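Presented as C-alpha cells, the chain that follows is alone, the form predicted on its own.
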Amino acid sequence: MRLHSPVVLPCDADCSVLRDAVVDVADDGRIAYCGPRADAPAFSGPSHELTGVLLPGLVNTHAHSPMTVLRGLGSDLPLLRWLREAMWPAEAKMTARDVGAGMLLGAVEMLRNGVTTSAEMYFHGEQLVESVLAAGSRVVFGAAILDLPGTPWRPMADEISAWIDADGLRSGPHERIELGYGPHSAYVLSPETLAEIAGEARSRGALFQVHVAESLDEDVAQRASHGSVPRLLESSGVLGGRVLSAHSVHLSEEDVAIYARHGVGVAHCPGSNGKLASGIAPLRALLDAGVHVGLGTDGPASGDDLDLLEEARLAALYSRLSTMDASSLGAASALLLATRGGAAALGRDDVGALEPGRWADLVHVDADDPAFATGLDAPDEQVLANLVWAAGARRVTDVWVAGERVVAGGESTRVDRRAAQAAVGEVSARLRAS
C-alpha cells in the first residue's frame, strides 16, 4: 500500500520534515520508499490519503506494562518503599492470567498513543507475548530475573535461555517478538550473578536490560564497594554486547564515559523518575558523549500513563530545567529520542524510522486540532514544536504495524478495549481483596 500525507517525519538523523510525501509498504510489511510524492516510483497498489502528520511507530525502551492492574497503587511513596510495600507484595499474588490481562490493556493503550514497540521487563513471558500478538504490537521481552528469599535467580535465567534456544531471538508474524534477559538490578543480584547472566545474553546476541542508579538510596552498598553501579558493571564484565541501562539517573562524568566506551544504551524515564522523586538523569551529558538514549514510560503504576510523546515533552522540559538552558533539548531531538534513538538504544535498526528495509510501523496524527491551528504549511520548526509541545498523542488516529492497521479512528482493530479494561478492573479488585 501507499500512504500519502501532507507532512511525513521519517525521523532520520536530521529529523527532516517532508512535504507532500508518501510511504510505500511492500508485501513483506517493510518500507519500500519514503520521500516526496513527486519523486516516488510508479505504484499500482492501494493508496490511502491522510490529512495530518505521518511518523514512525514510537519505541518505548523501558516498561512493565502488565502493571496496568496495579495502576494508582502506592502512588505517593518513594521508590524503595513503593517497591517493597506496594508493588512486590501485590505482584506476588498475580497469576499468569493476570499478567496477560494487564499486558493486553497495556499494549492497546500504547498503540492508541502511537507506541508500536515496547521493551518489557516482567514475568510470565508466554502470557505476556500472547497478549502482544493479540493486540498486534511489538515487544522486546526481558524476562525479569531476581534473587529474593523463595525466588532464586537461576531457574528464571535458565527458562529464558531455553526459550531463546528453542524459538530464536525473534519470532512471530513480522518478527513481532524478541526475547532477552531482564536482571532487575545490582541491589537485587550479585555482581557475579549479573556477569553470568550477561554472558548468557552475549552468547545469544540478546538484549540485557537492567535498572541502574534510579534513586540515591537504592545502591548505597554497591557504590561503597565499587564507586558506582556502572563501575561495578564494567569491572564485573557485564558490559559489552547489547546492554540497556534503565533510568540511569545518578551518573557521574566517569559513569557516562563508561557507557559511551561500551556502547551501553540508556532508557530515560522522566515521568516515572519525577513522580517517585528519584531525580533527573543527565540527558544532555549522555547525548553529548554519544550514548544512545531512548525514552521509557516505566510501569503504569509509576508512570502512570503509557504515553511516550508525553515522555518526550518531559525529557525536554527536565533537560532545560536541569541545565538552565532553554536550548538544551529541542522538539526535533525529543522526537528522535522517542523513535530513532529508542531503536538504537535497544540495538535495533529495523524500527524507529521510516527508511527502506525497516518495518512499516507507522503513526498518523490528525491535524484537526487547536495544536495545529497555525497549519501544516508552517515552518518545519513550528510543525515539530506543535507536535511535541502541544499535540502529543491525543490526536493519534491510525497506527500500522508491519503495514497492518492495528488502530483505526483511535481504537484497536483487534481488541475490544472496553472488555480489556473490564478484565483489568476485575484483576485489580481481586488483588485488593486478597
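We number the residues from 1 along the sequence you see. In this text the structure is predicted, and so the values were computed from the model without any measurement.
We do not show the form predicted together with a further copy of the same chain, though everything after this point is about it.
Chemist: Which one of these stretches, 138 to 146, 326 to 334, 119 to 127, 351 to 359, sits within 4.5 Å of a further copy of the same chain in the predicted complex when only heavy atoms are counted?
Modeler: Heavy atoms within 4.5 Å of a further copy of the same chain in the predicted complex occur in 326 to 334.
Chemist: Do heavy atoms from each of Thr374, Gln382 and Gly425 fall within 4.5 Å of a further copy of the same chain in the predicted complex?
Modeler: Checking in the predicted complex: Thr374, Gln382 and Gly425 are all within 4.5 Å of a further copy of the same chain.
Chemist: Check Asp369 for me: does it contact a further copy of the same chain in the predicted complex (non-hydrogen atoms, 4.5 angstroms)?
Modeler: Yes - in the predicted complex, heavy atoms of Asp369 and a further copy of the same chain come within 4.5 Å of each other.
Chemist: Is there any non-hydrogen atom of Ala96 lying within 4.5 Å of a further copy of the same chain in the predicted complex?
Modeler: No, no contact at 4.5 Å.
Chemist: State yes or no: in the predicted complex, is some non-hydrogen atom of Leu276 no more than 4.5 angstroms from a non-hydrogen atom of a further copy of the same chain?
Modeler: Within the cut-off, so yes.
Chemist: Report yes if any heavy atom of Arg202 sits within 4.5 Å of a heavy atom of a further copy of the same chain in the predicted complex; otherwise report no.
Modeler: Outside the cut-off, so no.
Chemist: Only one of Gly347, Gly74, Gly100, Gly241 comes within 4.5 Å of a further copy of the same chain in the predicted complex by heavy atoms, so just point that one out.
Modeler: Here the answer is residue option Gly74.
Chemist: Work out which of Asp304, Glu175, Asp167, Glu254 lies within 4.5 Å of a further copy of the same chain in the predicted complex, going by heavy atoms.
Modeler: Flagged contact: Asp304.
Chemist: For the stretch 300 to 319, return the residues whose heavy atoms include at least one within 4.5 Å of a further copy of the same chain in the predicted complex, in the order they occur.
Modeler: If the 4.5 Å heavy-atom criterion is applied to a further copy of the same chain in the predicted complex, 300 to 319 yields Asp304, Asp305, Glu310, Arg313, Leu314, Leu317, Tyr318.
Chemist: Looking in the predicted complex, are the Cα atoms of Asp219 and Leu283 closer together or farther apart than here, the change being 3 Å or more?
Modeler: Note: Cα gap between Asp219 and Leu283 shrinks in the predicted complex.
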